[in-house]
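For reference, the chain that follows is the form predicted alone, supplied as structure tokens.
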Amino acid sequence: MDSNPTTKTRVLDAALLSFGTRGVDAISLDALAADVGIAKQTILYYFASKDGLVRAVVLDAACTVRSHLEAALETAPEGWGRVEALVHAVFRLTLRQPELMGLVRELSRPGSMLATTFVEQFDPLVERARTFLEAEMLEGRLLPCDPNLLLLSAYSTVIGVATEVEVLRALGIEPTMRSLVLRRRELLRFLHLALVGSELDRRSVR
């Protein structure tokens, strides 16, 4: 039996690509093994079942997304700049790893069994965001509202707009860099209006 760590990585990469572009339910272990060029039993050597493989892919995806968001926050300015940095980070991931954001979209569907597993990996980041929002509201830099509801709404909006790119690709429409930039600009203007209560200067939106 193949015990090469590289094979395990190839399986995870192929599974992410398949799950993120065609959906988890649409892919069998037999099909995935054929894509990788290995026997199905090799996959089962590393992962006891398809559920085990899906869970591993979801945890890896969450780790990747979380690390990108944390890196963006490290260099982000205070206040609105942090929100802007997070939006940019999500759109960069959409551009560089569309299959990753495709999986996020898949996990956002109603009834997704692994949505909780994915979201739980962001608990420290969510708590950090909640603390930030509460402080900004106390200082009057953000409009007062329920931080938990705000986080949920912002997450749904950002992920929804960013992963529309994958929906377009599924329909055979390849988004352009220009369309992605325009989508991001409009999203930032919308969030600024919702959070700050004023129109964001078009000239300052990147």
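This structure is a prediction, so every number in the text was calculated from the model and none was measured. So that there is no doubt, residue numbering starts at 1 and follows the sequence shown.
The same protein also has a form predicted in complex with the DNA, omitted here; what follows describes it.
For the residues Leu44, Leu59, Leu150, Val158, the 4.5 Å heavy atom test against the DNA in the predicted bound form is passed only by Leu44. Interface residue among Glu70, Glu139, Glu174, Asp30 relative to the DNA in the predicted bound form, by the heavy atom within 4.5 Å criterion: Asp30. For the DNA in the predicted bound form, the listed stretch (62-70, 141-149, 177-185, 48-56) containing residues with heavy atoms inside 4.5 Å is 48-56. Among heavy atoms of Ala34, none comes within 4.5 Å of the DNA in the predicted bound form. Contact check for Ile38: a heavy atom falls within 4.5 Å of the DNA in the predicted bound form. Contacts with the DNA in the predicted bound form, taken as any heavy atom within 4.5 Å, map to no residue of 100-138.
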